[in-house]
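Starting off, we have a lone chain in the form predicted on its own, written out as structure tokens.
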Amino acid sequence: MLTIPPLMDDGFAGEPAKRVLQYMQAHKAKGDPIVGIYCGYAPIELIQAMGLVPAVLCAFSKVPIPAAETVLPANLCPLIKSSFGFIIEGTCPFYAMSQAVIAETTCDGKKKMFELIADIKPTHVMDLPQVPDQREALPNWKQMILRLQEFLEKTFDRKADENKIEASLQAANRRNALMQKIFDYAALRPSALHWSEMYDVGFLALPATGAEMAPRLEALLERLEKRVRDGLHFGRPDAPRVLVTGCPVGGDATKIFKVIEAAGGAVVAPDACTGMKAFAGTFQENSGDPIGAMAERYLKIPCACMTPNERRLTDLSIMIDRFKPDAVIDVVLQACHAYNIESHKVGRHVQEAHGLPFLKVEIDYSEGDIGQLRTRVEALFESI
């Protein structure tokens, strides 16, 4: 069996979280303030344009959940419980480094959790329009971004003019285009890019500016091209290819990816805001209104909080055509009612529009359901 050299052999030591922590520490040492974020709707390009560093806060471990359940209900989404547990235990280094937190109204449980943490450090809540096709939605969301800008200016005594914001958008477009080229290697049959590598690269690319990441991403593309020339790939050539959609997946929740592999499959497209979705879309450049361009791109993110959320089905079709999966698995975190209910429409679309097998799984962060998950995934593969 051929050994595939690691993709992220770039001088940063340790696991992805350690790499990002080193990055944050280096910026903090230079005097760059850290701003905590939870959601893909947080406009990181504005944060970066102001000389601030966005830090994705801890939310994917089962370890702090018992502490969270002393305050929060046990039948709540594990992402919310994990987030809150990390904060009250003081065990998330990114939250500790953050001088302020940007929150958003994507979920009722998160909104109430934000109320509980607002007295710990400055927490700015953005009111996200959730009927995106109404004509009021875009101007309202632009206003929310402008209010965030005011909050950041007041909190950090920093400003960003339109030229800096425009430059940040253009750098993000460059970064996103390079990330899409990297994802193309997962679309090969068999895949030359592992799902864990997509996560590793994305985890570091999100807080870094486009200018910082471009040379690194270009180097990764050269390594991936060498893999293809050397005939290196992941999994069996005939392994069932799986597109995983649904709720954010990270940390302990990546058990679903590991179960898919243990059952003989290959995850070729992690379609979630913790995976590929964070690097989708393009900012309109040189519009004369960079905040407006920012608002337009972010409002197109097809989260299940949106209604109607037809864009998710449209984007899913594009992903299916691009990555050519043999099956689609929809991951729903326990008590995430929006994604759970929407799964019915997603499954019908996958089966009727694309003729693919579909499986919905509802998970938490524990390991108690791994055996059951594997049985269901193996049954799915048998239907292919």
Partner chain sequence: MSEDYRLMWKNLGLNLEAHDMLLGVLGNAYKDIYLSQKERPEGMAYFDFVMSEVHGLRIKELLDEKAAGRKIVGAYCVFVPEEIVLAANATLVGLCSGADFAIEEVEKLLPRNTCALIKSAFGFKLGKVCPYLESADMIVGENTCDGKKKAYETLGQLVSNLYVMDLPQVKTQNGRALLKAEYFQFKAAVEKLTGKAITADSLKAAIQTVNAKRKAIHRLSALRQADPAPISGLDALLANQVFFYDNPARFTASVNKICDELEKRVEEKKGAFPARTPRLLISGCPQAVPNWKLPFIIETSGAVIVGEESCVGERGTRNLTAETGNTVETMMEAIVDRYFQVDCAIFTPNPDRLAHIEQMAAQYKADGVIHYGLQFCQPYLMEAIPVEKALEKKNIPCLRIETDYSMEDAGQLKTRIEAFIEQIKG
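A quick note: this is a predicted structure, and the numbers were derived from the prediction, not measured. Residue numbers count along the first chain shown, from 1.
Unshown form predicted together with the partner chain; subsequent notes refer to it.
**Student:** Any idea which of 335 to 343, 40 to 48, 319 to 327, 23 to 31 reaches within 4.5 Å of the partner chain in the model of the complex, heavy atoms considered?
**Tutor:** Contact criterion met by 335 to 343 only.
**Student:** Heavy atom to heavy atom, is Pro308 within 4.5 Å of the partner chain in the model of the complex?
**Tutor:** Contact check for Pro308: yes, within 4.5 Å of the partner chain in the model of the complex.
**Student:** Is Lys112 one of the residues lying within 4.5 Å of the partner chain in the model of the complex, judged by heavy atom distances?
**Tutor:** Although the partner chain is absent here, Lys112 would touch it in the model of the complex, with heavy atoms inside 4.5 Å.
**Student:** Would you classify Pro73 as touching the partner chain in the model of the complex, given a 4.5 Å non-hydrogen atom cut-off?
**Tutor:** Yes - in the model of the complex, heavy atoms of Pro73 and the partner chain come within 4.5 Å of each other.
**Student:** Can Gln134 be called a contact residue for the partner chain in the model of the complex at 4.5 Å between heavy atoms?
**Tutor:** It does: once the partner chain is placed as it appears in the model of the complex, Gln134 has a heavy atom within 4.5 Å of it.
**Student:** Thinking of Ala96, Leu148 and Glu197 as one candidate spot, does the partner chain come within 4.5 Å of a heavy atom in every one of them in the model of the complex?
**Tutor:** The answer is no; none of Ala96, Leu148 and Glu197 reaches the partner chain.
**Student:** Among Ala262, Leu116, Val228, Ala219, which has any heavy atom within 4.5 Å of the partner chain in the model of the complex?
**Tutor:** Only one listed residue qualifies here, and that residue is Leu116.
**Student:** Ok, Ala253, Leu193, Ala280, Cys107: which has a heavy atom sitting within 4.5 Å of the partner chain in the model of the complex?
**Tutor:** The residue in contact is Cys107.
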